[in-house]
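Here we start with a single chain on its own, the form predicted on its own, put down as C-alpha cells.
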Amino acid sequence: MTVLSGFASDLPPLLWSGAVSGCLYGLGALGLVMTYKSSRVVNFAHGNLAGLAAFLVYGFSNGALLNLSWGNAVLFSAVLIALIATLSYALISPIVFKSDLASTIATLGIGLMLQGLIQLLFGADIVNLDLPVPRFGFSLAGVRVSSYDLTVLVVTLLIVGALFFVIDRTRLGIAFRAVSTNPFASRVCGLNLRSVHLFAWLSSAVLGLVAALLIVPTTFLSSTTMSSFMLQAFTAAVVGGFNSLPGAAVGGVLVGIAMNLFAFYVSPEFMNTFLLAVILLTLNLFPGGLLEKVSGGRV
C-alpha cells in the first residue's frame, strides 16, 4: 500500500510538469512541421536559430548589445530573427526544388553557422535569462501550479491558436494547405511556392523564439542549449507525425510527460537514449505518427 500511495502522490505533479514542458516541445515541433509540410525540408537549423533568438533578447535587455526593456528587446530580436530566417531560406531556396535531402543537409550547415555566430557574439559562457512575470503559486489537487506554468500555458494557447487561425481562415493559410497537399498542382494553379515556403520559415522562427524564451528560464542559456531542445522537439514531431500540425502539438505534450516519468522512475542520465528509442519505436510502429488517422491530411 505504501508503494502504491507513493506512486499515486508522485504521479499528478509529474504529469502536470511534463505537460507544461511538453507545450514547449510542441512549439518547437510545430516549427519543424511547418517547414517540412511546405517544402519537405527537415530544418536542422531550427534549434540554433531559436538559441540565437534567446541570446539576442539577452544581449538587448542586459546591456551586452543594447540596453532595452524586455518587451522592446523581444520585438527587436524577432525582427532580426525574421531577417535571418529569410536569409537562411534564400540560401537554400535554389536547391529546395531539386533535392529534399540536399536541402536538409544544407540546413545542418546553416545551423553550424548560427552556432558559430552565437559564440562569436556572446562567447561560450553560460548566462541566465528570466521571464519578467510575477512570482506566485498555489496548490490544486495536490499539484503545485506556478506563475511560470500559467505563463507557458497561456502563451502556448495564444500562439498555437493564432497559427491555426491563420492556416484555417486566411488566403495565405489556404495556400499553405494547398502547397502542403500537392505542390505541383499548386504551382499549376499559379501559387508562388517560394512565398509559401518563406511564410513557413518565418512562422517556424517565431515559434522557436517563443519556445526558447519560455524554456530557458528553467535551465540555462549557452550556445548548445537549444541544440539539445532540438532533439526533444524532433521527437515530438516524429511522435505526432511530420505531416500533422495538431499531431506535433499533441506529440510535444506526450513527449514531455514521457520524459518526466522516465527521468523520475528510471534515470535522467539516459534521457537522450530514451528519446532516440522513442523515435525508432514510433517510426517502426507508426511511420506517419500516432495521430495520422485522427488528424488526416488537411493541415
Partner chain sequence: MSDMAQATKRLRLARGGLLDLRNLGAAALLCLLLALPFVVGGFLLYTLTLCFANALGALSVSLLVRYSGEVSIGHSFFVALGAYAVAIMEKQFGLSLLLSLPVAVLLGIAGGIIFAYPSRRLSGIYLAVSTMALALALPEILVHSEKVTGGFEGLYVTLVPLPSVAKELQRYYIALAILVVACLALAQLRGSRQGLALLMARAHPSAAEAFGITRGWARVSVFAISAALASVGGAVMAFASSTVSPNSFTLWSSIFLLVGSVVSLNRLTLPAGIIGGAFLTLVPNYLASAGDWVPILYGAALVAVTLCVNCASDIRLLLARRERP
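All values reported here derive from a predicted model rather than from experimental measurement. Numbering follows the first chain given and starts at 1.
There is another form of this protein, the form predicted in complex with its partner chain, and it is not shown here; the text below is about that form.
Novice: Would Leu120 count as a contact of its partner chain in the model of the complex, using a 4.5 angstroms cut-off between non-hydrogen atoms?
Specialist: Answer yes; at least one heavy atom of Leu120 falls within 4.5 Å of its partner chain in the model of the complex.
Novice: When the contact criterion is heavy atoms within 4.5 Å, does Ser227 count as touching its partner chain in the model of the complex?
Specialist: Yes, Ser227 is a contact residue.
Novice: Indicate whether Ala19 is a 4.5 Å heavy atom neighbour of its partner chain in the model of the complex.
Specialist: Looking in the model of the complex, residue contacts with its partner chain do not include Ala19, since no heavy atom lies within 4.5 Å.
Novice: When the contact criterion is heavy atoms within 4.5 Å, does Ala64 count as touching its partner chain in the model of the complex?
Specialist: It does not: once its partner chain is placed as it appears in the model of the complex, Ala64 has no heavy atom within 4.5 Å of it.
Novice: Check for me: heavy atom within 4.5 Å of its partner chain in the model of the complex, for each of Val152, Leu157 and Thr218, yes or no.
Specialist: Checking in the model of the complex: none of Val152, Leu157 and Thr218 is within 4.5 Å of its partner chain.
Novice: Taking the partner as it appears in the model of the complex, which of 132-140, 179-187, 111-119, 73-81 has residues with heavy atoms within 4.5 Å of its partner chain?
Specialist: Among the listed stretches, the partner-contacting one is 111-119.
Novice: Taking 4.5 Å between heavy atoms as the contact cutoff, choose which of Leu213, Val206, Ala106, Ala175 touches its partner chain in the model of the complex.
Specialist: Looking at the other structure, the residue within range turns out to be Ala106.
Novice: With the partner left out here, which residues of 84-110 have a non-hydrogen atom within 4.5 Å of its partner chain in the model of the complex?
Specialist: The stretch touches the partner through Leu91, Pro94, Ile95, Lys98, Leu101, Ala102, Ile105, Ala106, Leu108, Gly109, Ile110.
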